[in-house]
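As a starting point, one isolated chain is supplied in structure tokens, in the form predicted on its own.
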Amino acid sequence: MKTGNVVGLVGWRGMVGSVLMDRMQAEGDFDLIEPVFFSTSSAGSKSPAPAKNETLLKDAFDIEALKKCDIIISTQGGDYTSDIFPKLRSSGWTGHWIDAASTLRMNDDAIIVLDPVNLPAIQNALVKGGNTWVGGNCTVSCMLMAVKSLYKAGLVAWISTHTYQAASGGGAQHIRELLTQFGTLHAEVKSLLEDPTSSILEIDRKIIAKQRSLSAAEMTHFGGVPLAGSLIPWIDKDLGIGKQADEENWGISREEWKGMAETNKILERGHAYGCWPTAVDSYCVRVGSMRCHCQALTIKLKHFVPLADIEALIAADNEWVQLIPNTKEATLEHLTPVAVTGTLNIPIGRVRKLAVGPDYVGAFTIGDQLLWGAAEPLRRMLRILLAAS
């Protein structure tokens, strides 16, 4: 493996970027590269500690500076990618672009990277000169880490997933808003909570009244509604834009659309690959947890398979998946955001046959969406490129 590869990092101070930096430092990735740090707002300031020769921040909008990088990793967001990526390519830059944003995911020349699931596709694209690598949707990546073995065995006829997505899926400001809302609600009933004789119905009335009277400034990041003490059963844009005539997209959020589109691209299924796509239906819900996206899965098998065989396939698939026994004790210990946050574990539990028929399997899985759902596939793609250089 060569060292000295010039790697530009953009968006390294954001939520995903901060997690990526931590992982790269923990895994010694900075020892293998010449990192160059870019900023959209603080060019000329001091670079962070991993910097070597380039100790000052570069301007993230400077195409000539970006062109000097062999590899660029961007966690800056979709607007930045939409602006800079085409300009960079038009300038003649042929380096490797690794991106966390969804902007390029469905482009024909982009590979959605999740190497424990689709390493052969990544390697094939590299051989063919591929140079655009994009991290996948967080819930899709975590789901495939958990149940890819069932797809690989050809068992999945279709899958329905109900996601429970953490506030941090929206970014750092979403976490701040959630915690501020919790603080506001607590302050509203603090004296009542301290009085053991107070009426719980009075507490309930005051909480709902406060939730309904929060100002627009207190609900900026969640679309004008509170998340604390509530949930939001819609994430991202309305693809159908309310038009019932658009039968395919009517009533589907962009987050829900990604479930089928990205799953099939990662698995190289669908008409572009000469076969039928696997149906994936989703309902995506924002909940008031800090980190980790959870999913309740309903899987229709193509034929009957004993439950023990399904469990064995899942447990043996990769080193990060953890099959959790379907007991209350094991579920409470291992299958919560508190248990999983900050780890690379992908626990999957509540695995059981469903009452609708022996070919239906239910499961519940969870993953830290800032790791396998965001930063980790980018970091691992960098390692793949370094190994191939």
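This one's a predicted model, so the numbers in the text were calculated from it and none came from an experiment. Each residue number is its position in the shown sequence, starting from 1.
Not on display, but discussed next: the form predicted in complex with L-homoserine.
Practice item. Identify, from the list 117, 138, 159, 134, the residue with a heavy atom within 4.5 Å of L-homoserine in the predicted complex. Key: Going through each option in turn, the one that passes is 138.
Check your understanding: Among the candidate residues 228, 150, 235, 72, which is the single one with a non-hydrogen atom no more than 4.5 Å from L-homoserine in the predicted complex?
Key -> Result of the distance check: 235.
Point to revise | Stretch in contact in the predicted complex with L-homoserine, which is absent here, among 212 to 220, 286 to 294, 176 to 184, 121 to 129 (heavy atoms within 4.5 Å) | key: Looking at the other structure, the answer is 286 to 294.
**Study point:** Partner proximity in the predicted complex: residue 165 to L-homoserine, non-hydrogen atom cutoff 4.5 Å
**Key:** Yes, residue 165 lies within 4.5 Å of L-homoserine in the predicted complex.
Review point. At the 4.5 Å heavy atom threshold, is residue 169 in contact with L-homoserine in the predicted complex?
Key: Residue-level check for residue 169: yes, a contact with L-homoserine.
**Study point:** Proximity of residue 317 to L-homoserine in the predicted complex, heavy atoms at 4.5 Å
**Key:** Looking in the predicted complex, residue contacts with L-homoserine do not include residue 317, since no heavy atom lies within 4.5 Å.
Check your understanding: For 207 to 228: residues with a non-hydrogen atom within 4.5 angstroms of L-homoserine in the predicted complex?
Key -> Stretch hits: zero.
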